[in-house]
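Taking the form predicted alone, here's one chain by itself in structure tokens.
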């Protein structure tokens, strides 16, 4: 007998899919700006630069709304790993991802309205959303408004460390998104978690 719980309100689902689309846009334009052959760009340079700027500003605004909505709704609590035994539960979850899932073992964590994420997810999402994402956005804003960059930083041109930070954090978010899509297939069925992010309902 299956059990359904309403897990994700509309605002989270709208934020999630808009966030995903903006990150995909920034990934494509960012790769085009950095690595494409000038004669064969993924996106024409000036267009890629403009789209990257617009997408980046949209992501800054969306992130600000995300933070405010999380505070107002209390959803920020979902990103906090729940004691006790956080590290032990992370290890149990990691072992399931690495092997248990392929042996048909049941998922070690049962989703609830009080705690949407297992311990490993909560830590990963917290690091991405509250540590890496702000650095990527702030470094992008400095690039957009270079007058705010220091002339020199760590003995280097002021924009170079900013460029490295922006590149590394952007790559980390793209890697997280790839892993995130894969883990989205590890529900009761390959598509069940994606359906939850569309209609809000989780089925045990």
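Positions refer to the first chain, counted from 1. Keep in mind it's a predicted model, so treat the numbers as computed, not measured.
Absent from the display: the form predicted in complex with ligand HEM. The rest refers to it.
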Scan 62, 69, 42, 141 and let me know which has any heavy atom within 4.5 Å of ligand HEM in the model of the complex.
141
Can we say 85, 89 and 110 each have a non-hydrogen atom within 4.5 Å of ligand HEM in the model of the complex?
no
Quick check on residue 167: any heavy atom within 4.5 Å of ligand HEM in the model of the complex?
yes
Does residue 56 reach ligand HEM in the model of the complex, with heavy atoms at most 4.5 Å apart?
yes
Since only the chain is shown here, I'm wondering whether residue 179 would be in contact with ligand HEM in the model of the complex (any heavy atom pair within 4.5 Å).
no
Can you tell me if residue 161 lies within 4.5 angstroms of ligand HEM in the model of the complex, counting non-hydrogen atoms only?
no
Which residues, if any, of 11 to 38 lie within 4.5 Å of ligand HEM in the model of the complex when only heavy atoms count?
23, 26, 27, 30, 31, 33, 34
